[in-house]
Ligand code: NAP
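Next up: a single chain in structure tokens, the form predicted on its own.
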Amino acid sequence: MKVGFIGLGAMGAPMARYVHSKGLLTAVGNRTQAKADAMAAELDVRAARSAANFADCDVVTLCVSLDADVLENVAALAEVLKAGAVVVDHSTVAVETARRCAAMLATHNIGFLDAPVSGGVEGARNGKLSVMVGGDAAVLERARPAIEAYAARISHMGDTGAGQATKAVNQVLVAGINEAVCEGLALGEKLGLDPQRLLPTLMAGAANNWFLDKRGATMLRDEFAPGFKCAHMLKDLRIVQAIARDAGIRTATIDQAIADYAELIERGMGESDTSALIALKRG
């Protein structure tokens, strides 16, 4: 199997390295060419300069930021990939974007999987991401060896769009947990509690969660090096808000998180980790 990887950011770069560790990586691409060139030289693979450089790939994986980026890459790949190839999109985009991509590629007999991931930069670096997949089960099996390189769990959630729908649910939970953890720890600070006693006590009980475990200590030290940027969270939540409104549910958690992350970006913290939310909660 020959695998191409497009999007070498904080998540994509370690994922691509895991694909390489399995002997599957053939080509890498990135909007900033220098980043692709550097990784290609490091791993002794091809640095792509256009979609044509992925023409011999059986699977091409995308890990980019915006719906427009996904659509642009898919349109270009549709013209060069061979019939039977598969495009796997790990980006977080709208359900409708996933369906447009699948339809675009289907006319060329190319498979498509919307396969957003969860687990943060740590999950990518450790090769332990949760991958939620929408698309045809047979197409997933063709791409499975590439995805398994960096996945702790691969869940086939249903037809095209089901992966993005699952990620929308995931992001509601993540946003709500972030709100609660940052508010709670801000309260703990105001009450003069010792973080070295407070955090392990919370993590030993029902309040324990991934965000508290991975970000609790760092946010109390005002360390906000990004695992997941505020700007990316706001982008995701705006996608989720549209999905939730179409579904007809109440969106109080989503709406509050959008307001908070928008305020953080206005304060110039868009590139900071989402745990910078504690700065607002401190009042």
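For every residue, the number given is its place in the sequence shown, counted from 1. Since the structure is predicted, the reported quantities are computational estimates derived from the model, not experimental observations.
Unshown form predicted in complex with this ligand; subsequent notes refer to it.
Contact here is defined as any heavy atom lying within 4.5 Å of this ligand in the predicted bound form, and by that definition each of 72, 117 and 236 is a contact residue. Partner contacts here mean any heavy atom within 4.5 Å of this ligand in the predicted bound form, and among 41-49, 27-35, 242-250, 216-224 they occur only in 27-35. Interface residue remark: residue 265 is not counted as part of the site for this ligand in the predicted bound form, having no heavy atom within 4.5 Å. Contact between residue 270 and this ligand in the predicted bound form is not found at the 4.5 Å heavy atom cutoff. Remark: residue 259 does not count among the residues lining this ligand in the predicted bound form, judged by a heavy atom distance of 4.5 Å or less. Interface membership of residue 8, defined by any non-hydrogen atom within 4.5 Å of this ligand in the predicted bound form, is confirmed. Residues of 211-230 placing a heavy atom within 4.5 Å of this ligand in the predicted bound form, in sequence order: 227, 228, 229.
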